[in-house]
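One chain follows as structure tokens, the form predicted on its own.
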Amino acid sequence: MIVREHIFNIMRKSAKLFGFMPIDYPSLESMDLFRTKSGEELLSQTYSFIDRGKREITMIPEATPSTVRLLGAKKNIPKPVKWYCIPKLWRYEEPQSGRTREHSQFNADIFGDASPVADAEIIGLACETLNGLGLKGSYEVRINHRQIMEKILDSLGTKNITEGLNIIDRFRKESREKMIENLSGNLSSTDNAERLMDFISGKVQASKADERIREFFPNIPFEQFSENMNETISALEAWDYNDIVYDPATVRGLTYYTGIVFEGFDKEGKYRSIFGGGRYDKLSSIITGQELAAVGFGMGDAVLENLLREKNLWKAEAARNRYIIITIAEEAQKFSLKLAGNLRARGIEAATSNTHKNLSNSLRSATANWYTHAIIIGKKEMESGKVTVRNLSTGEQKETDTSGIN
């Protein structure tokens, strides 16, 4: 939890750098909030039950619907608003690497701003968070636009565009043969399924997205949407977030996305997505009856933990010194307690070791409990009025009077 809290603090710091404000909401919601908003696959993964009031309740499987509901209850808040939270979420699915039934998730959303720069701010916040965790250069952001993909699917004679998007969303989970089989049942021909597969199989630099689309679909009018996407990419480049690629296989499975969609992955491709999100301008009207521009993302802690552990970054650098006072003479106990009180009064973290273990065991225990320094007090220290301070990381120690402890 010390490491986890360190990571959450970096998330909070990044959100504040971008001007986001914290929110919170209940862990239980009406099932109806998710029934028409999140798709059947997500509904099948919920922890749901009937409560004593005969209401169908679920433990929240994602954050966005609750955030939008909260916004609808606060209609008088001036827009735009920029909110973040780190709730716990629950999904009833098979636990596996990078996916657990209960996890914490960093979420951020902007409401009331339809500009491409708002899209860029959301993606930039995700990048800033990963950079703050030491992952700069280890990840890439895959970006796409849902309306461009809808136009492409329409041009290919797709019978059900939502189903087509859901099939594409499984691109990295299915074989090419299985993908073509599934697409062929929804598109006008197998040739079109092959063509679509060739298109979504290639990533390019984000600035070359237009070229990639024109190469395969020269007659589709997508300029309005690509201009929007290009402005987002330009803003990210202006802020030096450069690990952005155009990936037509990134469509996001949830049904409410309406524009830019994106996901972050480790560059080596070992793990599931680190974060994902997009623009969802119509969700507010479904939940609250009020249409409102919206864009946001979620970053779960399970995949992030796997990646940080691999990079030897699953650790917390102490924000400030944490001291434990170890007495090696019983008569020094009162002196030890008084010193602890004085240090705490000065705002310094100080604990006392009250178990009277030998010194080596006490130091070993202190290190295991994340103390940065040990203050050692024996007869010599009581007589001189000075104490011995040992750095538990380096093993270095020095004598100092108590005023020199900070």
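None of the values given here were measured: they were computed from a predicted structure. What we label the rigid core is the largest C-alpha set whose atoms superpose within 1.5 Å from one form to the other. Note that residue numbering begins at 1 and tracks the sequence as displayed.
As for the form predicted together with another copy of the chain, it is not shown, yet the points below apply to it.
Chemist: Is there a heavy atom of Asp32 lying 4.5 Å or less from a heavy atom of another copy of the chain in the predicted complex?
Modeler: So Asp32 does not count as contacting another copy of the chain.
Chemist: Since only the chain is shown here, I'm wondering whether Thr355 would be in contact with another copy of the chain in the predicted complex (any heavy atom pair within 4.5 Å).
Modeler: Output for Thr355 is yes: heavy atoms within 4.5 Å of another copy of the chain.
Chemist: Taking heavy atoms and a 4.5 Å cut-off, does Gly385 contact another copy of the chain in the predicted complex?
Modeler: Contact with another copy of the chain, no.
Chemist: Give a yes or no for Glu121: in the predicted complex, does one of its heavy atoms lie within 4.5 Å of a heavy atom belonging to another copy of the chain?
Modeler: Within the cut-off, so yes.
Chemist: With another copy of the chain left out of view, choose which of Tyr271, Phe171, Tyr92, Phe216 has a non-hydrogen atom within 4.5 angstroms of it in the predicted complex.
Modeler: Looking at the other structure, the residue within range turns out to be Tyr92.
Chemist: Check, residue by residue, if Arg12, Ala235 and Ala350 all come within 4.5 Å of another copy of the chain in the predicted complex, counting heavy atoms only.
Modeler: Yes, all three are in contact.
Chemist: Which is the contacting stretch out of 162-170, 219-227, 94-102, 191-199, given heavy atoms within 4.5 Å of another copy of the chain in the predicted complex?
Modeler: It is the stretch 94-102.
Chemist: Could you list the residues in 1-24 that come within 4.5 Å of another copy of the chain in the predicted complex, counting only heavy atoms and keeping sequence order?
Modeler: Residues within 4.5 Å: Met1, Ile2, Arg4, Glu5, Asn9, Arg12, Lys16, Leu17, Phe18, Gly19, Phe20, Met21, Pro22, Ile23, Asp24.
Chemist: With both forms fit on the core, is the shift of the CA atom of Arg346 between the shown form and the other one 2 Å or larger?
Modeler: Arg346: C-alpha displaced by 2 Å or more between the shown form and the other one.
Chemist: Taking the rigid core as the superposition reference, indicate whether the CA of Leu70 shifts 2 angstroms or more between the shown form and the other one.
Modeler: No: Leu70 shifts by under 2 Å between the shown form and the other one.
Chemist: Is Trp239 displaced by at least 2 Å at its C-alpha between the shown form and the other one when the rigid core is overlaid?
Modeler: Comparing forms between the shown form and the other one, the Trp239 CA shifts below 2 Å.
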